[in-house]
Structure formats: C-alpha cells, structure tokens
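Presented as structure tokens, the chain that follows is alone, the form predicted on its own.
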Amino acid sequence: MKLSGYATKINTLRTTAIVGIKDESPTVKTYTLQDDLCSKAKPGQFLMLWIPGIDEIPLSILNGGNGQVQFSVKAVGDATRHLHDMQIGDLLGVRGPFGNSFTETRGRVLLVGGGTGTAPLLFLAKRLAAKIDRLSFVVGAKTRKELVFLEELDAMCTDESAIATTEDGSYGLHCLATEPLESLLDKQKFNMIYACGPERMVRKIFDIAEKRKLPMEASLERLMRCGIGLCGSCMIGKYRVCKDGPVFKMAQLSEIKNELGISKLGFDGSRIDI
C-alpha cells in the first residue's frame, strides 16, 4: 500500500521529550509532549507512542494545541508501567495522529465515559461547549480513586454536575455507568450520544440507543500494532479500527453488533471473549 505524502508524514516516528506530567489518580497520569502534527489532532483521534526499548502502544488524545499534545495513561501493563516511571525530559517516540474523529454536532448531547475512555470525550466536550444547547456527562469507574477529570467534566456540563458512578459505591451512584441512562433519557431529549470506554459498556449504550432510535457515536479500542490499517490485528467485522475508526457511527455499530462487546482478536490472531 502506497501512502500519500501526509500519511507518510504522520506515520514517520518523531522523537520528543516529555514536557509535562500530571497525576490524575493513583493509577493514571497525563503526559504532555511537544509535537506539531499531533497538536492538530481532532477529538477521537489517537497516536502511537513508542517507549524506547519496551513497546509501541496506541493512546487516545486528551488535548492538542500550541504545538503540544496530551494523553492520559493508566498503568496496566509493562509498557504503561515503564512509562509511569519516566520523568520530564525523558525521550519518547510518537506517530500520528491516526484515525477519524467524532462528528461535532449541535443541540443536546450526552457523553458517557468509562475509566480513561473519558479522555477523548473531555477533548470533544471542550470543542462542543460553545456551540451546543445542552451537554450532559455520565462517567464511571470501579472506585472513587479511579474517577478522573471530575472537576473539568463538571465545568463542561450545562446546569448540573456530571453524573458519577462507581462499582464499589465509594463515590456517586453505586452502579455501572450505563445504569442511569434509561432514567436520564426518559427525562431529557438528546440529539446525540457519544461513548468511549470498556467495550461491554459501549455495547450496552448501543443497545439502549438502538431501542430508542437515537443517533450515537462510539470510540472503540482494539489491539493495534501498526496504526495504519496494514496488520489486521484490530479488525471488528469488516472494519479496521485504526483506519476505519476508532470512531464508529450507529449504522456501522449495527453492522458489527455480532462482535461488539462480545469478542475480539487476540495477540495470536485467534478470537477471544471480551
């Protein structure tokens, strides 16, 4: 596959130093890098981050502008734990931005985020804030310590604070992020639902939106090795998440609902349960 000039440019690995680190929770940190290309990313796009000597991983973009890009990382594996041990001034490699972005709509919007899946939705909310009539946010995590960006989410919401849920009941509602949705949708009319987080959560939101015939866009996560649609490791149905996504519209989600929240490809290419 021959890449265009722009595609070749964004796919070229650039080495850059960490210029900022912020602790968001005991397990989540936000990093700031200097990178002109990724600083122009749109909400929903992702970058490929190379941790020297360890691995290259895909990460959703939290914010971009003024030549800098931010992303939030939870320490869950070797690569992310190694990244959490790095300091300002340490060097990383970056490619991107890759993938498509959320559609910036108008009217009344509902955003539902789980864990660090909240990051690209916060990026989107900041872009939408000045142009929509109403913005509501539901955010979920396992515990209070794992809820991130709460103050910023509250500031984005119209009239009321973000609805927070925790699985252990340590903060907000004692439930999953999907459980308040039916009641919320009964009380208010929305023109769009945006979602990002664990795929089983996304599937539940899809089922609710489909039943109510509401438009929805969701950012999906899959195993990504190349980021440019060559390796096929991120396939879901006929789509490559890195190239055709990571943001998918309602019609596309309907096409892949036999896999959505149910199964995915593993490291060896075999299908495994989610």
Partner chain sequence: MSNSLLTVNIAGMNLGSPTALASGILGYTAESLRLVAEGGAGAVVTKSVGVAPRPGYPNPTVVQADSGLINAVGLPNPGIDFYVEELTYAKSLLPVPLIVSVFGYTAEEYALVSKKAVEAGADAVELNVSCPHVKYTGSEIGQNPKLLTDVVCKVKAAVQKPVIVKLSPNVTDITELAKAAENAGADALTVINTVRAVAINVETQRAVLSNIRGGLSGPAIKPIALRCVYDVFEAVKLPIFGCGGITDWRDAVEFFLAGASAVQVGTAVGSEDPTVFQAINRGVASYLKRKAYGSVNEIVGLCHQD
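Positions refer to the first chain, counted from 1. All of these numbers come straight from a predicted model, not from anything done at the bench.
As for the form predicted in complex with the partner chain, it is not shown, yet the points below apply to it.
*Answer for Lys42 alone: is it within 4.5 Å of the partner chain in the predicted complex, judged on heavy atom distances?*
No.
*Is there a heavy atom of Lys213 lying 4.5 Å or less from a heavy atom of the partner chain in the predicted complex?*
Heavy-atom contact with the partner chain at 4.5 Å: absent for Lys213.
*Should Pro26 be classed as touching the partner chain in the predicted complex when contacts are defined as heavy atoms within 4.5 Å?*
Output for Pro26 is no: heavy atoms all beyond 4.5 Å of the partner chain.
*Is there a heavy atom of Thr32 lying 4.5 Å or less from a heavy atom of the partner chain in the predicted complex?*
Judged by the heavy-atom cut-off of 4.5 Å, Thr32 is well away from the partner chain in the predicted complex.
_Heavy atom within 4.5 Å of the partner chain in the predicted complex - residue from Met250, Ile262, Leu265, Ile21_ = Among Met250, Ile262, Leu265, Ile21, a heavy atom within 4.5 Å of the partner chain in the predicted complex occurs only for Leu265.
*Determine which one of 61-69, 203-211, 34-42, 229-237 lies within 4.5 Å of the partner chain in the predicted complex, judging by heavy atom distances; exactly one does.*
Heavy-atom contact with the partner occurs in 229-237.
*Mind listing which residues of 28-63 have a heavy atom within 4.5 Å of the partner chain in the predicted complex?*
In sequence order, Met48, Trp50, Pro52, Gly53, Ile54, Asp55, Glu56 come within 4.5 Å of the partner.
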